[in-house]
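Consider the single chain below, provided in structure tokens and representing the form predicted alone.
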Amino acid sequence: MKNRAVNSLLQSSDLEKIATPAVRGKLLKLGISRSEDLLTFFPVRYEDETCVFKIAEAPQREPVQIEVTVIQAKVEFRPRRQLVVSVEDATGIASLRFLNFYPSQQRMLEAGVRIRVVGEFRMNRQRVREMVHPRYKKISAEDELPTTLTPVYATTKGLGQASIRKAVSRAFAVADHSDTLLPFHLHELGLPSFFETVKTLHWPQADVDPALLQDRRSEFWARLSFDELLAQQLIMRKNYDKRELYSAPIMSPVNQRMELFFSRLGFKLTNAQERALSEIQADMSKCLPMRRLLQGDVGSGKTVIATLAALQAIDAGYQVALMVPTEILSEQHFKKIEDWLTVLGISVERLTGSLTKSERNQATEKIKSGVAHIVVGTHALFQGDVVFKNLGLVIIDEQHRFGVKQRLALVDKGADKLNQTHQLMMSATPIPRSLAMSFFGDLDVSVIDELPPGRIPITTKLVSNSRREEVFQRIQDTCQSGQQVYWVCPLIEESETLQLETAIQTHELIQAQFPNLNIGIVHGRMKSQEKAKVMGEFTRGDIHLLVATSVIEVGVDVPNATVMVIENAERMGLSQLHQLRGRIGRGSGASTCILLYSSKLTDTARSRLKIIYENIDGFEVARADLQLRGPGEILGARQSGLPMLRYADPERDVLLLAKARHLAPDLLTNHAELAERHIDRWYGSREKFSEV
């Protein structure tokens, strides 16, 4: 099936005009399916073949080009078989050595042949200048030196640089490289034309500083970054405008149950929560589908806002689906929402993969009949046999953990050709403003940027593994005072089995260390019922210390847990460390997160630990995370389906991003054809993946 799709793509592609079927197949592996894709497939670096060094004057241990005559080529055994070629120019003699060679090479490199050679000189044992495995080509007296730098492209197995360069040159001759920006746009932005940009970046003149090109500081890289950001903004804007093609249920924010909810809540919303709630309520009271992202730091109170949004939908006569990524989180949300809403006469149902067949049948029947007002669940929610009577609001927590198809499968349960559900997405991984502008341009964003009053900031301590005895004493003191502790096991990405073994061993070691304490364990390989049982015991205070893998990263809320120890913290990313740390500090007592680290730290690991130690603000942690890891992992790009940026950087190019956001609606309104050409140039058929 896959081969048939590839063959179909190759046959329909205009690449057949410029490359053989074998080369087209290799180009497809690089994401190149059209000649226009080659225009925007830019070199990763350049080599300077515009000048020739004399043998005696060429520097050592850096790439140089020489023009020489072959004296002789012979096969030697040193001790393995290799081809040694002696060459000369007017200033001296040098040696070229090939460890792997073909007989045809030996025949070609006969005495008297003129060749141009690119490689690095080193002195061999005979004190002769030598190049090992250099590139070379046969030349004649009429062959002139190139006037442009030689591009070097990212490649794949079986595809040489010569083939890519030939394909790019032919694509430049046949593909449309007309500009998608008008002259006055270029003037206002201070950017070069697309034609000039493409030609310069593929074939820079010899007098251009290659370091300037590779560091992406030139005006030509600025043009690329702007074009890519503009294409992204055009797609996002089109998706945003598509909402007007659909209608959604109008849901009034004023109802008696909401007033009763507030009277029983026991605390006041923060100003940031009030602001976010007001924005959501305004969206849901319109006939256009809401597409809103609610983001806030760990413990900022997103769940209560989501519950109030659910109340608004339920009071208007609609069902609500709340989808979460893990069973532990679904259990937490279910219990909290059930406590809040059951007294208001609202039926809260739970649907996860761990339910028995009869339990699942009962749940799906309640959902289908409309008896269940709000359903909290995991991936089980979007399965084919789950049918809603009247789904009006979909809430997706930790939305970046779900794939595009998974999110759409749930949303489609309440939609038809003319109507769509309201959608509220939530994230406890704060996204820097530049990323939100870039990748969520089709969403409205609400931010809860303050924590509830009375929350005592968590103290973070960095402790070397050599001081474990001090940590044990801290645990003993904490548990004797009636409080509880998390001990998080190290992340072992390469082996889930090894991680499980580590968790079990850690549990046994800590049991031996603290025979007077009740030690529990929870990990990803446990059955859901087992995990729920252990978490229930920990929540009730029956377990003093809980050994856990990062399965507790999201959703666990035990106010009496005031100490967390994270073992080998240097193995974890900033976002994960911040999420784990957020599991404590949820009560009125002072809380401490102890990051145990090994003595041998890489520079990156040291930077991560320093950032998490110095910052409790999730937005600042996310900003630093962006600089260390890039946007892909933070956004869950592998799951999101969003076209990732190849050349632009939202942080570095934030001014260009603002200009692209400003220009996008104008292009779509007044120059629609240019806008469509611009999108097609950068994303082609990939545009559909952004419609989330």
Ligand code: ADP
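Quick note: we count residues from 1 along the sequence shown, nothing fancier. Computed from a prediction, not measured in an experiment: that's the story for all the values here.
Beyond what is shown, the protein has a form predicted in complex with the named molecule; the following relates to that form.
- Exactly one listed residue, out of Lys302, Arg581, Arg350, Arg223, brings a non-hydrogen atom to within 4.5 Å of the named molecule in the predicted complex: Lys302.
- Though the named molecule is absent from this view, in the predicted complex it lies within 4.5 Å of a heavy atom of just one residue from Val534, Val298, Val445, Leu308, which is Val298.
- By the criterion of a heavy atom within 4.5 Å, Gln273 is counted among the residues contacting the named molecule in the predicted complex.
- For the chain shown alone, Phe195 is not a contact residue for the named molecule in the predicted complex, no non-hydrogen atom being within 4.5 angstroms.
- In the predicted complex, none of the heavy atoms of Tyr240 sits within 4.5 Å of a heavy atom of the named molecule.
- Looking at Pro453, you'd find a heavy atom of it within 4.5 angstroms of the named molecule in the predicted complex.
- None of 209-217, 260-268, 566-574, 79-87 except one has non-hydrogen atoms within 4.5 angstroms of the named molecule in the predicted complex; the exception is 260-268.
- Applying a 4.5 Å heavy atom cutoff to the named molecule in the predicted complex picks out no residue from 364-385.
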